[in-house]
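Just the one chain here, the form predicted alone, laid out as structure tokens.
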């Protein structure tokens, strides 16, 4: 089979899989809604109206899409290395803390754009260190990355609460609403009528391209793939699985940290307890739905972001809880796992 035929076959198979996943998820959710006496058409209209009916609403979708894409790109490194980076939520939180730490310092001689750039760098470093910490626990302490990541998530959440209620509390009061707002010159520029900063979109786009380049066209990407496929055979080619996995965890954590930095600088303009907004866990579903491939990730992130933004309309228009969007997301992931599992089983039987 030549390259052209192989490429066409791969595209056709991916399209077929996508159609099957969509049809299965849509059918399952529609059947559930009908059984509950709810119109699927009304739900669909409310979701579309709440996310795509105006530029203002769509720009709100993009404020969700960008950090979700950053977390998804980070997870591609760890999944490719055979690691389950469940600690990505904590890495988002540490990135937000890193950005807040920098912006709270007094640097009167630096222009605002330089401070924002340094804050984004600190967010990357904070997330990367937290991700590397989970890698060290695995390599040196024998702690599985799933359990280590979950534990670090709780530590990160406790840390952010301590900062908000303690050293970084609002002037004269300790409030769960978060720290004091940063001055407006330390907000990332957002044009009038937008909810998303253009610079944030550029960061997401650049990280996506960088992820594709590193994983598909570099020696490091090949090493990650080798470790993920067979960590026992990798040393035969001079590859150290422990160091490669550690680097993957650090890069994944760094990208998640950038998501936390954007949450602080572009969305909330302060540090709040729920700064991650659950995007780390949601990104896990995105990458699984993408079957751990890079190209579908931004489109699935956009779909999930539309669901999250549009679900705000559900309690207002239909008196239905907005958590229905989570049911739809879960149905999509379960459908994808089922379709991919059946494909692998059929391929193995052949």
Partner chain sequence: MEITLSSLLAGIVIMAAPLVLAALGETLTEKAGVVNLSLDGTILLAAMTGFLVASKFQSLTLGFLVASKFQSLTLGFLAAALTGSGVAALLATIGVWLGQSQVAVGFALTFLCRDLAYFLGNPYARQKGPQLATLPIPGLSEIPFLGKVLFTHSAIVYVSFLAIPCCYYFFYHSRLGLIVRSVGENPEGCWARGINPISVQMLATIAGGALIGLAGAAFSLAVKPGWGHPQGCEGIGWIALALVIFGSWNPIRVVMGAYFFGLLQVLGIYFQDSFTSIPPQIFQVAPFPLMIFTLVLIHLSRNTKNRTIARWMRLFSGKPPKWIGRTYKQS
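Numbering follows the first chain given and starts at 1. No experiment lies behind these values; they were computed from the predicted model shown.
What comes next is about the form predicted together with the partner chain, which is not displayed.
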> Wondering, does residue 151 line up within 4.5 Å of the partner chain in the predicted bound form on heavy atoms?
Replying inline: yes
> residue 86 near the partner chain in the predicted bound form, any heavy atom under 4.5 Å?
Replying inline: yes
> If you check in the predicted bound form, is residue 266 within 4.5 Å of the partner chain, heavy atoms only?
Replying inline: no
> Heavy atom to heavy atom, is residue 209 within 4.5 Å of the partner chain in the predicted bound form?
Replying inline: no
> With the partner chain left out of view, which of 155, 243, 114, 202 would have a heavy atom within 4.5 Å of it in the predicted bound form?
Replying inline: 155
> Between the options 324, 47, 302, 294, which residue brings a heavy atom to within 4.5 Å of the partner chain in the predicted bound form?
Replying inline: 324
>> Could you pull out the residues of 268-301 that have any heavy atom within 4.5 Å of the partner chain in the predicted bound form?
In response: 281, 284, 285, 288, 292
